[in-house]
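Consider the single chain below, provided in structure tokens and representing the form predicted alone.
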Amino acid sequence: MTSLLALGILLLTAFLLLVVALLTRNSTPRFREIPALTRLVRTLGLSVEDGKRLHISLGHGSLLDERGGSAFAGLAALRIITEKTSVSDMPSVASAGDPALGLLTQDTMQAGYQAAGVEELYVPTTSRVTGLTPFSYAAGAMHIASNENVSTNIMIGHFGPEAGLLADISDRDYVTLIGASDNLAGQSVLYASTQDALIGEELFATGAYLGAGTSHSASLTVQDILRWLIIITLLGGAAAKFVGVI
């Protein structure tokens, strides 16, 4: 029964995403302001002008479990960031803490260069697997943040308490930190360490705010629809329980 319910929710979500994407494909999306994402968009232009590098940390989430959602959100953001900074003298660099995610990181960055029409400028070593455990990954990412002329650390993915190490090195080197995690411990660390932390499902809005495409914009509308459906279901169940129907 649980599997059927999960399948039903998945099919409903896919149907709503398709319908909303078709209805809004020719319209300009309008989003509420999220300070961290506003600053991220501004950072992309400033990094090219200042000759500084952006470091995108995708965390150590596996693509084969529930942590994969945040990893794919990070990859969507990486694709747009790479395209917009590909012509910089100091192109963006990405780090991951999972082998499969590391391979996808390379492929995503190469796709960004292709979209910008400068595929010949792509250097495979700009995307790296810096460690296979949470803290070894953080240690390798810290080295990038402090030694490769980085102006902004962008953390989008699965991070736990080790996020504090990256937050600390960013603070010591006066590097801007923009962070998002699907892990409660990671969210707590980032919220306490930076003014530009993304909370909750704001992590999955990154692609839409960066202009990743209609499907990303439509996903935000679908999130709101599903949120209201859950609220209505909870209120309906409470009302039914109150009047003695169930």
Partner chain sequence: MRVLTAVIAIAVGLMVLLGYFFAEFVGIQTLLLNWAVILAGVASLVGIFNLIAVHTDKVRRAEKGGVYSALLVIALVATFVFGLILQPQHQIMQVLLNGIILPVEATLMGLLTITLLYAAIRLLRRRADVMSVFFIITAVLIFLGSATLPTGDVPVIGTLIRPWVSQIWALGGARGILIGVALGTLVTGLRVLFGIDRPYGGK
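Residue numbers count along the first chain shown, from 1. What you see is a predicted model; the values in this text were computed from it and never measured.
Quick note: we don't show the form predicted in complex with its partner chain, though the next part is all about it.
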Practice prompt. Give a yes/no on whether G200 approaches its partner chain to within 4.5 Å in the model of the complex, heavy atoms considered.
Written response: yes
Fill in: in the model of the complex, S27 touching its partner chain (heavy atom, 4.5 Å)
no
Fill in: A239 within 4.5 Å of its partner chain in the model of the complex, heavy atoms
no
Fill in: Contact label in the model of the complex: T108 to its partner chain, heavy atom within 4.5 Å
yes
Worksheet item: At 4.5 angstroms, heavy atoms only, are D182, V222 and I230 all close to its partner chain in the model of the complex?
Response: yes
Item to complete: Scan 13 to 48 and write down, in order along the chain, each residue with a heavy atom lying within 4.5 Å of its partner chain in the model of the complex.
Response: T13, A14, L17
